[in-house]
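What follows is a single chain, given as structure tokens, in the form predicted alone.
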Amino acid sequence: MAIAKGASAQSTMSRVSKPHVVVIGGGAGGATAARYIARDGNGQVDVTLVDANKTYQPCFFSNHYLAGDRDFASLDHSYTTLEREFGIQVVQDTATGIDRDAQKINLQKGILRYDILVLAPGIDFVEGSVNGWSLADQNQMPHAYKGGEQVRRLKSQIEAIPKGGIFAIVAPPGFYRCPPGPYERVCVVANMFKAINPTAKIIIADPKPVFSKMGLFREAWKKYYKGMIDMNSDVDMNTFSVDPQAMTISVDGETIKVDACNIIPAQKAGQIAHTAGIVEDGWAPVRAQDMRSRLDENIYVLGDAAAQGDMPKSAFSANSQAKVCANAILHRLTGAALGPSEFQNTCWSLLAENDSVKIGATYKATSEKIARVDGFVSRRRESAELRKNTYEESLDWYSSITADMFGP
């Protein structure tokens, strides 16, 4: 069972009497799964949620903090309701290893055993994916792509840029968390500059030739931030480099001095998924029907860490996957009715004050993957009223998803 207050993890093992589900990672996937399993299990399943942090500070909506739309405290969420109202044992600790044969988790402070393990560890970064940068340089050139103090640091660095200074942002390649996120960040920084530093410039270095909502972002840059943004697409990352100490970036052989730089490196599944040995090509392959690992029948993987098919790596996706997964686990452990394996996603992006756009889709499970069924995307040149409604819809979504994760 879970770690009891005042006791070691090992000393509680003898108290196991119900199926025990351990969830590692308390974000959009993990917290949702823990809550739904505990709530709908009607006391038949013990649930333990393990996270290294005392509270959860999301990456999603952190751009709204950078934009000045909300304060940092509004991005801080407690696990208290999950403990008090849903009976979930919340353990603040770091998982260091998983013995899949013994179904045992090694923590920094003890051991947990599980019948079912749900991994929702989010992302980690691929070291060496940006020449000249490593995690040791994240204070000089923040990634700010896991939420928390990195986002606060990036905001202070942007605000300190001198008049006419330069902010650089390096976008990631391949599969990564929140496909439109780097470009929304460009918008909110440019909007900040319009107010406090109108002669400042933004340089984007992007290894991709195309990106999510590209037409909508380019329209916004031309409409709101003309002359402020220098977009470098399809950048060769073999020749691109940065120097965090000198605060320079080198693009196509040109070395540019910058005043602040946001490095968003290539990404992979959170490290514990690699440690567990359930990763292929950087991500954890899962069955679309229930998010069960294709490499271990007693482990399920949610959200950003999962290689599941067509869904983007977003909080909405993780939350949707968690509900399907929770239902499947309860069916397996208690015989609860099994619902359909259907999924949804919507991603909103802030372009300017009261101007947001969105993209989304519905999905279904197939034998091969989670497959897209249909979708939608905001149109160019939409009315100001529609864009404002989309912005307000995004605020409502943030309130609803965090309530769904942590309890109202």
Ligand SMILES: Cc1cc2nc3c(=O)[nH]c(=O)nc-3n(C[C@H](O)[C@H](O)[C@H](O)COP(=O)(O)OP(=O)(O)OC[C@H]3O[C@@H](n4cnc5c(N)ncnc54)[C@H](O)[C@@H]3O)c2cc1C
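Numbering starts at 1 and runs along the sequence shown. Just so you know, these numbers come straight off a predicted model, no measurement behind them.
Only in words, not in the display: the form predicted in complex with the named molecule, which the text now covers.
No member of the trio F86, K323 and G407 reaches the named molecule in the predicted bound form with any non-hydrogen atom inside 4.5 Å. Proximity to the named molecule in the predicted bound form, defined as a heavy atom within 4.5 Å, singles out one entry of W283, F217, W133, Y145, which is Y145. The contact with the named molecule in the predicted bound form, taken as any heavy atom within 4.5 Å, belongs to Y56 out of Y363, Y56, Y65, Y36. Shown alone here, S293 lies farther than 4.5 Å from the named molecule in the predicted bound form, counting heavy atoms only. At the 4.5 Å threshold, heavy atoms of A52 reach the named molecule in the predicted bound form.
Shown alone here, A120 lies within 4.5 Å of the named molecule in the predicted bound form, counting heavy atoms only. Taking non-hydrogen atoms only, T94 approaches the named molecule to within 4.5 angstroms in the predicted bound form. With the named molecule left out of view, the stretch that reaches within 4.5 Å of it through heavy atoms in the predicted bound form is, among 355 to 363, 24 to 32, 37 to 45, 372 to 380, 24 to 32. Taking the named molecule as positioned in the predicted bound form, the residues of 308 to 322 that bring a heavy atom within 4.5 Å of it are, in sequence order, K313, S314, A315, F316, A318.
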